[in-house]
Ligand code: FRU
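Next up is one chain by itself, shown in structure tokens, the form predicted on its own.
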Amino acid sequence: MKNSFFVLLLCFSLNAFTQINSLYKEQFRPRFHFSPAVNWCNDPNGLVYNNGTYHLFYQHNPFGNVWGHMTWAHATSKDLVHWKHLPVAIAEEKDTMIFSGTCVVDKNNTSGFGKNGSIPMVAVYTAHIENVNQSQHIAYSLDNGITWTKYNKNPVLDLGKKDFRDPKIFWYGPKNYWVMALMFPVEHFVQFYSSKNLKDWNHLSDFGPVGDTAAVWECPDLTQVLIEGQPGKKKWVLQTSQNVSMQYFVGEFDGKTFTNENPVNKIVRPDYGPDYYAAIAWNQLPAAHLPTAIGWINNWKYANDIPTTPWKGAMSLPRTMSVKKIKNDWVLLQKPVDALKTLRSNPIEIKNTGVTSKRSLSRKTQQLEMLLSFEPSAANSGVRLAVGNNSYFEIGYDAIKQTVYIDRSKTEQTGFNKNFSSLSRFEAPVSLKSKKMQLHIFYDHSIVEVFVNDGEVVLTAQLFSSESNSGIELFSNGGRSTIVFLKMWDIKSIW
């Protein structure tokens, strides 16, 4: 039975690879975001850097285009932009699915899995038995993540709980041990553990409940980042996912306890849109590389129903992370990785132009990057994408409420799920800079990511509009707005 499962899995993988040349041209398919060749994907897992290669493992259903049969799929990149699909890494076995987790390169062979001088890559993941148990297992690879061996003494941590998942692992140098962050979803807290060998784990401390506790907590990520404008100084960022949204905390971690330095009653999010979830950062990046995270683009309230085929789900653009203090609060800054600039072509530029009502741009496309700085009108103003057939996606600034917002209520396909149509407008408070609003926009067929004021706020959303709806227009209600500058590029496909 076990051999038959793996033969079937191999057949599905090979079939996906043979189709690759005919894919990545479908309606709604993103061209410069990562998406699986075929079938379902959700959380990014096992993000690790090794010997010049970025590894992306992710939750995947090899057998269908909806959630199920959770398995770790695998892709690699040399630049965080172009990706190569590899065979399934860690497969579901019998009644045990392979849920989320992380991966490390065990350079000192603390686990003892290395043989004949080889350096093991070790994955720590949640083994999930539906409605019965979640426990933490490990597997190792001696060929850079291509093939994996599950540890014969799994589980390495089992509290006998139905909900206990999503380990995030990293090496904590000052205490010379591995740290694992694990989630108690129903109880809304993170539990920290330490280990010298990745096999035997000791409880350190708990963090939570705090902040947003409206839904289950998942996918913790604890990462040390630079403080903007203070060379050499750092803070720790703890991100958690709440079923359909995320939140973050900024503070200190001493190898045992995380201390939040932001107000306990204030909820801040790495993304204020509806479609960014389960983000984690890459492990073991080179010292000169800024901490970089990636998240799943979808939403559990409608994830299985989005109208995409033969794939479902995608990853965000990789985002570098740092923090700075704004009005006495620590704010997470996120920016798209610089390597994306290599995809730019055919720039157009507009400067010092007034807008009253609306103004259409000459270029039509669903595949673009835009830098926009404008002085808003007294009401709301900004830019619309996917314009055509009386539909559009709106990105704007509401001067009365002093919020930046996205609104997909006027886009074409919204009725495939009642939750999608009801979750249309999203906003976040933002202060103008010298009376200007700055937007950095990426539009990729069914995905929009908006980075506001150098990444102080980010909003990500999906939309599903006909390819003929490719117009772009500037708009201004309540008087005149002024385009200080607008620069836009076509973006080449990574496939």
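Position 1 is the first residue in the sequence shown; the rest follow in order. All values reported here derive from a predicted model rather than from experimental measurement.
Although it is not shown, the form predicted in complex with the named molecule is what the next lines describe.
Checklist entry - Which of these residues, 386, 169, 219, 122, gets a heavy atom within 4.5 Å of the named molecule in the model of the complex? => result By the 4.5 Å criterion, the partner-contacting residue is 219.
Checklist entry - Of 464, 49, 63, 67, which residue is found within 4.5 angstroms of the named molecule in the model of the complex when only non-hydrogen atoms are counted? => result It is 67 that has a heavy atom within 4.5 Å of the partner.
Checklist entry - Looking at 439-447, 423-431, 465-473, 35-43, which one sits within 4.5 Å of the named molecule in the model of the complex if you count heavy atoms only? => result Looking at the other structure, the answer is 35-43.
Next on the checklist: With the distance limit set at 4.5 angstroms and only heavy atoms considered, check whether 165, 277 and 300 all reach the named molecule in the model of the complex.
Outcome noted: Contact check passed for all of 165, 277 and 300.
Checklist entry - Does residue 59 make contact with the named molecule in the model of the complex, using a 4.5 Å heavy atom cut-off? => result Because a heavy atom of residue 59 falls inside 4.5 Å of the named molecule in the model of the complex, the answer is yes.
Next on the checklist: Using a 4.5 angstroms cut-off on non-hydrogen atoms, would residue 100 count as touching the named molecule in the model of the complex?
Outcome noted: Contact with the named molecule, yes.
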